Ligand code: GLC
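In structure tokens, the next block holds one chain alone, the form predicted alone.
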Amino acid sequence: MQLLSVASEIFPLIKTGGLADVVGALPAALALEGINVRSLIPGYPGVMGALDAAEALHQDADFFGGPARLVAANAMGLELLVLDAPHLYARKGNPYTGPDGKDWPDNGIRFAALSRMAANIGQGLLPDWVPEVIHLHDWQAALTAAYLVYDGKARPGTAITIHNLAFQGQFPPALLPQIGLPPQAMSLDGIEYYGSIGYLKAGLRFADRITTVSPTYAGEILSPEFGMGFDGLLRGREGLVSGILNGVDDLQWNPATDRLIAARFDRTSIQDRPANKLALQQRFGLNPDARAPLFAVVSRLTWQKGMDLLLAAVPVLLAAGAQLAVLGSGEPWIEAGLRSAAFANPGRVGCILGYDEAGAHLLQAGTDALLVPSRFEPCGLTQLCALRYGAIPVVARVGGLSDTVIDANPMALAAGAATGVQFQPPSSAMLEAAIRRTVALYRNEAVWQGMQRAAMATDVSWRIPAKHYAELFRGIAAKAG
């Protein structure tokens, strides 16, 4: 079976968040299920520079305002189709925002072009490779479904995966002629969304199936609280909505072979893990104290991720004798608050603003507990990596966090099944209570090591999710055929 995956980023070539990790890891997992995946991505500078022996398959002298090529290449083990359109993508830095931190003003055109090319491929642009299903990731690829429907031609099946419903891709209605959709598309039954062109709405309205990245989030988004304005539309298509839990690349995230950490270890050699804690404390300017419970965060520093709750809980964390290491970037006021906390508590709070892959690996290998106090979380990958590395996740009971972490309640502890600490609702008071409970668990070495071993025994790979995706895609292809 042939499948085209369409996304705005893919690890390890271009990454701003978990979307890239999923798009980069899923093809190899699907290959084991007999599905050949080619990934269509924009030709950002970092992507073009990484391609091996790119082959031009198609050229267009005027594609959304400038010359463009569709090239095929392999890079980092990925089979790629790249939309090389320098007028749209040859820009340094973040794929979505300019140097001023604001969205590129032509993002509506840039990602309409990506979707248009995906639709063209689905309609036979490459006669030697015609996908049976197109897998769309988030709003940047979602317009593909609308092009396929409004073109009125034979088309492959489509599935859209919602990685985060909060990111919706809304653009002025005046853009409609430029992106090549007919006037009738601007209707309630089309892509109109509160007076704007709704790119994500296009996918939710016209894709054959809708998936989210965890079963709990699939249920949550049917409610007004989590539906972000789409709950009515999603309830109307409820029978086509399903949740498939994310995995992580368990070769890349493997403490037994990880070259980015200070000391490698596995479930049977967990006594070697503390060397990473010392290295992490040194990296973040924390006191080298083996006995102090070390909490860490690797995240976007935003309201959604509950980072304001963390700021409020810092005094309780410190009063419990713990340390805090934070790696990430986000909203300026949260960054400023964390910098202030580090300045006021030298040796006990460390903050590195930004992101680097090596730092993330060391953090997972060295921290005792990983804090994920999100107000909503479609899946979350950071807690999956934490489980793999024996870092105990402390999570809000929402979305995929609820699906992936087993709370250390008395029954789970007695059964040896507990892998983390959950709290609900996402509030400062409940986070503070969870921190106190985690410290109490940490002080009992036998209980703590039992939780670590249970966490590391959890299968967080793509093996099971890939089987679910393969079944979904085959069902779509059968109906489309």
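For every residue, the number given is its place in the sequence shown, counted from 1. All values derive from a computational prediction rather than experimental measurement.
Omitted from view is the form predicted together with the ligand, to which the following refers.
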Interface stretch in the model of the complex with the ligand - options 115 to 123, 89 to 97, 75 to 83, 372 to 380, non-hydrogen atom within 4.5 Å: 372 to 380
is_contact(residue 304, the ligand) in the model of the complex, heavy atom dist at most 4.5 Å: yes
Heavy atom of residue 140 within 4.5 Å of the ligand in the model of the complex: no
Touches the ligand in the model of the complex: residue 323 (any heavy atom, 4.5 Å): no
Exercise: residue 388 in contact with the ligand in the model of the complex, heavy atom 4.5 Å: no
Option touching the ligand, based on a heavy atom within 4.5 Å in the model of the complex, out of 19, 460, 25, 13: 19
Contact residue in the model of the complex, from 209, 264, 163, 110 (heavy atom within 4.5 Å of the ligand): 163
Any residue of 203 to 225 that, in the model of the complex, places a heavy atom within 4.5 Å of the ligand: 213
